[in-house]
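Taking the form predicted alone, here's one chain by itself in structure tokens.
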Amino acid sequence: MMRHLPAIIFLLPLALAICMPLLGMRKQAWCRPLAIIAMAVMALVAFVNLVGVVQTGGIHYEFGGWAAPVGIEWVNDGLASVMIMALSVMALVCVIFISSVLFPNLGTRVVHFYTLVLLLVAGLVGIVFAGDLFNLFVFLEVSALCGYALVGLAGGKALVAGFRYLILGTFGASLYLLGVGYFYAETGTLNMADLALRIPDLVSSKAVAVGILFMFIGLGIKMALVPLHGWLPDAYTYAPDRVTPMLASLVTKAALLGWVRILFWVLGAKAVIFQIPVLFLVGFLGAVAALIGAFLALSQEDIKRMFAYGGLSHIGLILVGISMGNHTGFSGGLFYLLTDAVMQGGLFFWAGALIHLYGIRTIHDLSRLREAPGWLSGVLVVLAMSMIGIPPTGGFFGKWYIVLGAIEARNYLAIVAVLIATLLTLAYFVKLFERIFRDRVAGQVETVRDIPLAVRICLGTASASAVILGLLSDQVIGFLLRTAIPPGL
């Protein structure tokens, strides 16, 4: 049974997405509870899978009885198991938020909406487990197509943002597929494990170099790496408020994880550290993204756009950690990826709640937040502490291990970039708190709505998780060091 857990995790959202149109035709009210139940069961199975990997080690799951490299293979190792656990929990919390009565009724689009959400989750699961380059492309596109549609759901400016996302995403996917073609032409295989055996003899090949370049640019667009991030700010700003948390916490992280797989499990740690200057490029672009993202966030007035640029900065910080070429930096980058998924989800939960409860969309509007319950501001304080990197939150320990990895690698410019990005992050949260706590204006919130239980659960889960990840950082980092470090690093 343990061997089939990856397929079960994948089939839970996929099977329900396939059945959703038929079920919705019978009774639309079933869509919401069925989606929540499927995500809850998926999270439970993901936990069982994580425990199994810890106890017995990872497995390679083969489909249809065809062994790799001929058949399709999924990799269920320590890295995949912990990422699937995080993905499943965040997907469950996001679906609870999506289903809240806080948001307007979707009317006749409810079936289509939940079908897209479930397909998006299934695609993300496939990205994490994919053991060959072409199937990684397939699942990237499944999740991307759902993302395009969900962004444009709000209409108006969201349609333009969704179309831009579509154009750039398709361009990125085309480049990635072109890079895969170069790899296949040179090696005759697409299986990651098989490629890892053949690439060391081909590091001087121009076809391999061009393939790496195309795949890096393609996945850079997917993960919104500066300066390939043009689609993200508008997509997150104008997308439906119920959708943005899922996009921010999961979609870009999955693409980044795919690139990590290719970088260390296909090209190999030895090659990217000593033979191909990929890690230097990743670290440089990561540092630039960390600084530019935080700087642009500081200059924003729209709250969702500010958080979107903050997310760009944190993608850069993750890449800085991964690029250090040692255990400490790599585990710190992965830990920060987990923490950032929680932080980004929580921030957009908070922004969505403010928009629909109090009509607050800009920093200037925060001065009206006088009648809101104090714990709503407290949630932001906790998430901001983690974003800035203040103990005992997960954000602090993620940055701590990234800095330790940089010290170990004697990369002092990376340390400077992390510190400056942290100060800029502090600065834009000070802007928020200044409006909330100093400039409150009485009597401007005429109607105060009760905060739905679903929204309370989501905000509480996100803020508590940011702290719990910090308190359990030793255990999580230890697990990553034991099971998720790539061979040869």
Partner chain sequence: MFELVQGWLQRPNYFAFVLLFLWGIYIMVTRYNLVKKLIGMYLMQTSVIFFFVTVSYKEHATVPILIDPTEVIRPEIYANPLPHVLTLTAIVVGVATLGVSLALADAIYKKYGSLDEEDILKKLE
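On a predicted model such as this, the values are computed, not experimentally measured, just so you know. Numbering follows the first chain given and starts at 1.
Form predicted in complex with its partner chain: not shown, discussed below.
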Name the residue from Val210, Val138, Val278, Leu376 that puts a heavy atom within 4.5 Å of its partner chain in the model of the complex. Val138
Identify which of Thr362, Ser205, Ser299, Thr170 has a heavy atom within 4.5 Å of its partner chain in the model of the complex; exactly one of them does. Thr170
Picking from 117 to 125, 158 to 166, 331 to 339, 353 to 361, which part of the chain touches its partner chain in the model of the complex when contact means heavy atoms within 4.5 Å? 158 to 166
Would Phe134 count as a contact of its partner chain in the model of the complex, using a 4.5 angstroms cut-off between non-hydrogen atoms? yes
Does Gly181 reach its partner chain in the model of the complex if we count a contact as any heavy atom within 4.5 Å? yes
Contact label in the model of the complex: Ala196 to its partner chain, heavy atom within 4.5 Å: no
Classify Leu145 as contacting or not contacting its partner chain in the model of the complex by the rule of any non-hydrogen atom within 4.5 angstroms, answering yes or no. yes
